[in-house]
Each structure stands twice: as C-alpha cells, then as structure tokens.
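Just one chain follows, in the form predicted on its own, and it is written as structure tokens.
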Amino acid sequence: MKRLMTSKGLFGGTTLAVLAILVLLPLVLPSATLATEIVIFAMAALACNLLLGYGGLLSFGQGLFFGAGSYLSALAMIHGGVGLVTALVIAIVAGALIATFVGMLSIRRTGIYFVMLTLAFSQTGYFLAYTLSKWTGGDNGLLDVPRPGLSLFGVDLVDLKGAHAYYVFVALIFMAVYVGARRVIDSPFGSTLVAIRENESRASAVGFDTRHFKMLAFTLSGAVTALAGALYGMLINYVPLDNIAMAMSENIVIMTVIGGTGSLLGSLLGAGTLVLMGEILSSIWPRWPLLLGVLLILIVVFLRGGVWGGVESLIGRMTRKDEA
C-alpha cells in the first residue's frame, strides 16, 4: 500500500485504477451505451489535459477537432465505403492536420489572444459545417452513420453492433491512448512541456524551442480528440451539429477541470461526473447546468486539483497516519 503512494507506485496505482474503472463502468451503470459515452468523452478530456494540464494551453478549439473527426470518419464510411480501422485513421490524421494548422497560427500568441484564436477557429468550423448542409446535414446533422465491424484484410473479426462489444472496443482504445499519453508525459518531451508551462521564458532561455514543443502537443491533442469524435459518431449512429459547436469545446474543458488538470486519470473522473450529471439531473430539473456551474465554482475555489486532486490529498493523509 505504501509503495503505491510513491510517485512511481502512484503511476502504477493510477493505471490499475483506470483498468478497474473501465471494468466496472458497464457493470454499475444502467447501460453499456452510457459507459461507452463516458469513456469516449474521457478520451477527449485526456487530450485536452495534455494541453491545459501539462502545457498550460487553454484551448477552446477542441470542439473543432471532435466535430471534424465525427464528420470526416462518417463521410468516409457513408460515401467512401471504408471500414472501421480506415475511418478511425482518417479521423486521427485529419485531427492532427487541422490541429497543426490551427496551432501554427494560434501558438504565435499567448494568454487571452491564444484562447480567442482557438475559439475563432472553432466557430469557423461550426459555421462551415452549418453551411455545407449537403454533406453535413446542417441543423439536422449527419444521419445513418454506420458502425462497421472490426475486420482485417476483408475478413470480419468482431461484430461491434452490440452495445457491450462496442464498449469493449472503445475501452481498449482508451487504454491504449492512456498508456501512450502516460509514456509521453513521463518522457523528456513531457518534462519539457511542464517546464514550459511553469516558466516559458526560462525554458526558452536554456535553449528549448518552446513553440515547437507546444505545436507537437497541440497536434497530438487534436489527433486524439478527433479519434474520440469518430467513435462518438459511431456510438449514436449520428453526427449532430453540436459536435462541432462551441458548447462541445466548453464541455471538454469543464470535464478536464472537474477531473483535475495535470491528471490523466482525472480526465476519466471528470467525464464521468459531467455525463452522469447530465443523464441523472436532466430528467429531474431542466436547468441542471446551473448545478454544474456551482460545482465548477466550488472545485476551482476549494479543490484546485479537481476530483482526483481531492482523492490524492485523502490518500496522502491516510498514508501519513499509517506511517505515524
């Protein structure tokens, strides 16, 4: 127990915690579809955390990448007849390319100017999707998005039409993304990214190309967010215009803050909190986002580390008591 509380042990502990949550979600929630939705949005929040939690970059352009992944993967399947893996690769590559373009222009600025630029690009993507209604469906959204099975060289391996089968598929992807992100954060690249977050001027003074590192983080975040968007379109067999709206960017940022910035596990906790609040409270009180606002204020004021920060603090107190 004590060994898990060390930084190295804690990494192992959080990985085991992620595995445990992924196993338990479909068992404790009323439906596998709801569990899948939480994991998909956790993936988007994790991508945002790479920017906000580790790079110190508050981006309101995440909805652009999420929506682009949804639309482009769906269009590739509907009109191009591509399979599942190809559609997901298209989403990842498109998200990375769009994020690179947005980052090239946005990272030139800092602070509020960076935030406003990412917001402007997100709004541009929204109105572009609204205008190209022949392809995107406009207000009606893109209907009849298929969910093809997993195949290899034309041989069908797994049928993903069932809710539980699709959950397992999404959970495995999330676990791969989580492990990959963990390796990135623990690498010299991740350490440099944190140094830039703490003091960009000093990092630049010792020789780091800070713009290059931020660009890489932005590109990686866009790719993962687009992947989440593609999986979400297949989940609900539909791509609503809201996928690329500013509200989507806001929700992804809120999930990141609630779970805890600088915590990859916190991304899963934050997504679960927001999705479950919407699922439970929306049927009780139509103005439930007011409670979300209150929760966000309380977390920002009293729990700066988010939900996972509170858990870590509690574990630390228990450990000190054990040692005493």
Partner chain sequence: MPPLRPNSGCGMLNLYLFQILNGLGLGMIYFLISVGLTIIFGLLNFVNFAHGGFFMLGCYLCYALLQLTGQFWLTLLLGPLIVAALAWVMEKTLIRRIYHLPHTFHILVTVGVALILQESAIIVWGPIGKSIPIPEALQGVVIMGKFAYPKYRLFLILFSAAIGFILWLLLERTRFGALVRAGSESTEMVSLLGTNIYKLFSLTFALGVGLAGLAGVLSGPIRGAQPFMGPEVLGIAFVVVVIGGMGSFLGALVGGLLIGLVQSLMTTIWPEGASLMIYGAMAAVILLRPYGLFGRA
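Small disclaimer: the values here were computed from a predicted structure and weren't measured. Numbering follows the first chain given and starts at 1.
The same protein also has a form predicted together with its partner chain, omitted here; what follows describes it.
> Should residue 108 be classed as touching its partner chain in the model of the complex when contacts are defined as heavy atoms within 4.5 Å?
Replying inline: Judged by the heavy-atom cut-off of 4.5 Å, residue 108 is in contact with its partner chain in the model of the complex.
>> in the model of the complex, does residue 113 come within 4.5 Å of its partner chain, counting heavy atoms only?
In response: Yes, residue 113 is a contact residue.
> Taking heavy atoms only, is residue 237 within 4.5 angstroms of its partner chain in the model of the complex?
Replying inline: Judged by the heavy-atom cut-off of 4.5 Å, residue 237 is well away from its partner chain in the model of the complex.
> According to a 4.5 angstroms non-hydrogen atom cut-off, is residue 123 in contact with its partner chain in the model of the complex?
Replying inline: Because a heavy atom of residue 123 falls inside 4.5 Å of its partner chain in the model of the complex, the answer is yes.
>> Given a 4.5 Å cut-off on heavy atoms, tell me which of 135-143, 81-89, 160-168, 245-253 is the interface stretch with its partner chain in the model of the complex.
In response: So the stretch in question is 245-253.
>> Since the partner isn't included here, can you check whether its partner chain sits close to all of 60, 289 and 304 in the model of the complex (heavy atom within 4.5 Å for each)?
In response: Every residue of the candidate spot has a heavy atom within 4.5 Å of its partner chain in the model of the complex.
> Considering 128, 172, 150, 93, which brings a non-hydrogen atom within 4.5 Å of its partner chain in the model of the complex?
Replying inline: Result of the distance check: 128.
> Using a 4.5 Å cut on heavy atoms, which of 215, 72, 119, 177 is close to its partner chain in the model of the complex?
Replying inline: Exactly one residue meets the criterion: 119.
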